[in-house]
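Shown below, as structure tokens, is a lone chain in the form predicted alone; questions about how it binds or moves come after it.
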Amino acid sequence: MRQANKELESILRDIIGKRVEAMKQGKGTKDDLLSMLLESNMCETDGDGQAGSMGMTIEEVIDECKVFYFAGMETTSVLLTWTMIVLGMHPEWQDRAREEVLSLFSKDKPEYEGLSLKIMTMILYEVLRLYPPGTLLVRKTYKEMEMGGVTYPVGVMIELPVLFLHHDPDIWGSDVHEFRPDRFADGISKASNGMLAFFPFGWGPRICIGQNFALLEAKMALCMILQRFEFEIASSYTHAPHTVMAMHPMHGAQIKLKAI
């Protein structure tokens, strides 16, 4: 792990160094996260990359890049894994999703403008409900506040059990443990009985900044998979959701693909 971290930091430091040098020479910057971080940071740091009162050091910029990379890659990968598992278990929904994709794009490369896919969105929401990558949210009181008739002082850690809320039959109904994407046909609020109980990306001012991108990325990948393959669960698959940072299938996801 130390070696991998050292290699990653070396790669990022090289990318950042080249980007900073290009900016100093007045060359056009790219419209991406790193450029926005560095542009907003330049006026707050000195020439050696040392942070001023509001700026970030190069080490802090590297840390931000690592957070975006790991948080964005791991969660979307897990979402796609569970989606393929449940669609392998429920071929009727796989067929409906493929029909929707082919009717919009045929076998052509999916385009951003056409990714408002209702059936696929319902499927992804249901997967996120059943198997949320983040099973627990933690918040800390920054002032004395009252919640549920209890007054909490400053500094109390509060845990929000996302997995429990996503599987609460009082909220979602008696079929709460079933894969039923059509519960989201009329939106999240209707599916959750009008309660604020769907938290795959968190909520409030600290909601996941990559929510829209993650869903877009998942839809694009799933479109391209459905255009090219039919798939089913292999007999060796054992269903065992297991949380290590994110919720994974404990024994892997053995899936049989058939080109179409």
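Numbers for residues come from their place in the sequence shown, where the first is 1. Bear in mind that the values here come from a model prediction, so they are computed numbers and not experimental data.
Here the subject shifts to the form predicted together with a small molecule, a form of this protein not shown in this document.
Partner contacts here mean any heavy atom within 4.5 Å of the small molecule in the predicted complex, and among 143 to 151, 174 to 182, 93 to 101, 75 to 83 they occur only in 75 to 83.
The partner is absent here; in the predicted complex, the one residue of M122, L137, L165, L130 having a heavy atom within 4.5 Å of the small molecule is L137. A214 is the sole member of A214, M56, C65, I233 with a non-hydrogen atom lying within 4.5 angstroms of the small molecule in the predicted complex. Put simply, R206 is close to the small molecule in the predicted complex: some heavy atom of it is within 4.5 Å. Contact annotation for A71: at least one heavy atom lies within 4.5 Å of the small molecule in the predicted complex.
Within this chain, F198 is remote from the site of the small molecule in the predicted complex, having no heavy atom within 4.5 Å.
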